[in-house]
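Only one chain is included here, represented as structure tokens and corresponding to the form predicted alone.
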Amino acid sequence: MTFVTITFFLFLAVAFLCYFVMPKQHRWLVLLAFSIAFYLFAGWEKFLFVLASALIAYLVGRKGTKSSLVFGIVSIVLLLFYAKAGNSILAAFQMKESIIVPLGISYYSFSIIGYMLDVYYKKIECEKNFFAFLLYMIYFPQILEGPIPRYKKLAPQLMEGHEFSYERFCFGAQRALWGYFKKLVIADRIALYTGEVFSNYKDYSGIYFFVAVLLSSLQLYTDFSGCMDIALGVSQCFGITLDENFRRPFFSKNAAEFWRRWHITLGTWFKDYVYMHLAIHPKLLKLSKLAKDKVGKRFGKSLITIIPLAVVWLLTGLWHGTGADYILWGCYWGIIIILSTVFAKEWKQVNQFLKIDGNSKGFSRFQMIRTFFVFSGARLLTAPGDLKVSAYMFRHMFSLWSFREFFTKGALVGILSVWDVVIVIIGTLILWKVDLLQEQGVEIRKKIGQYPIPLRWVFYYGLFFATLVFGIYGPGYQASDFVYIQF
């Protein structure tokens, strides 16, 4: 049951009703019951799998010893590896059986590893109620694609029992509706084009590939951030605040800033639980000191940055997938961020030599466009689903360009209609304007809330009917799954 099904809307309506009529002290039980029900839609065998993970993390937290922590982390990582690589391993041995892949395993695995580490380092108290811990782990709005929660922030909210607030409920519904607009109107419409080109790549070349890669970047952003808007909006209706996972990433001026704005909770998780632990590890500090003495001060100092970043990006690639494409994807981002960080001084000197005003609006726009193309280069590695296809597309991307064929016999007739293209352009312009206003500090929902009621509802109904009329769905069509569910 994904967020784009009628079943989910009915499920959600009943969940809201039950939550707000239940006595305050028992409302967490409503969330637990509906989270379990939501998970059971994915299959009872998957729920048994997640119960085992929850029991391991819960007992490790109660025990609180180093040996139990090592056992817990190794167990959860092995279960995650099983889910990520199990089918590939079976295929390598020519075995046709398929393995059980629990819903949201990448997200809840990291959240409970973080919980076990925080308990061990005395940052939080262990949870003594197993069912309360299970709710934290599988809270249904975030189980599909995150965000990756921190126990200290989320668990108390789940147990609190919130009163109904009309304003908060409206704000939450508005944000969820905005997420549906991004998903159904923009992302799923673009998916018609990218899916066709990537699946039948030998029938296309040149401009088709170039446009498909660029559009896949926009598709991923509207799909993933749309899911986050729905998850955060639904939670806000309950009175629960989830962590923001996006902060307008395509306004970033470099790769490092991009990843501080994209999938924020994954980045902060790696920073807190991997990067910082490695950066201050005695062995790395000793190696850095040795390198300073033998090679030079700058090289030794740089090792404290290079090694943790290299490990983080290798793990980030493996988190997304164990195939060669995602390992290469992790190396791609790691190399770019390491080079931009280590040689920041030299990049600045190059700009000064070329007499580039780093604070000018023109250069800022150039940096944003450059970052978008860097991100699209990474999409070329993973979006086609196979490195051989990626290599084929790259070889043919800059040849056989025919704008006339593309606009008359290709994209506008064979794949997308003129109407589809117009909707994508208008939807993207609306998205850009909203992100721009938010980047400038405008709180759009509060701003609209200050308008007179008639004008206010023009916005609400306009967005609702735009999603209803222009969304990609209907008889015989099933809305595509959110992209990050596969991770």
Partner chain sequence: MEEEILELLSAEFPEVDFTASDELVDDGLLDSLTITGIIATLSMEYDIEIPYEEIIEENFNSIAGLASMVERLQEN
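Computed from a prediction, not measured in an experiment: that's the story for all the values here. Positions refer to the first chain, counted from 1.
Same protein, other form: the form predicted together with the partner chain, not shown, and the subject of what follows.
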Considering the partner chain in the predicted bound form, which of 214, 276, 77, 124 comes within 4.5 Å of it through any heavy atom? 276
Within 4.5 Å of the partner chain in the predicted bound form, heavy atoms considered, which of 254, 288, 235, 106? 288
Which of 78-86, 314-322, 160-168, 278-286 sits within 4.5 Å of the partner chain in the predicted bound form, heavy atom basis: 278-286
With a 4.5 Å heavy atom cut-off, would you call residue 244 a contact of the partner chain in the predicted bound form? no
Mark residue 129 yes when one of its heavy atoms lies within 4.5 Å of a heavy atom of the partner chain in the predicted bound form, and no otherwise. no
With heavy atoms only and a cut-off of 4.5 Å, decide whether residue 153 touches the partner chain in the predicted bound form. no
Proximity of residue 248 to the partner chain in the predicted bound form, heavy atoms at 4.5 Å: no
In sequence order, which positions of 300-319 have a non-hydrogen atom within 4.5 Å of the partner chain in the predicted bound form? 301, 304, 305
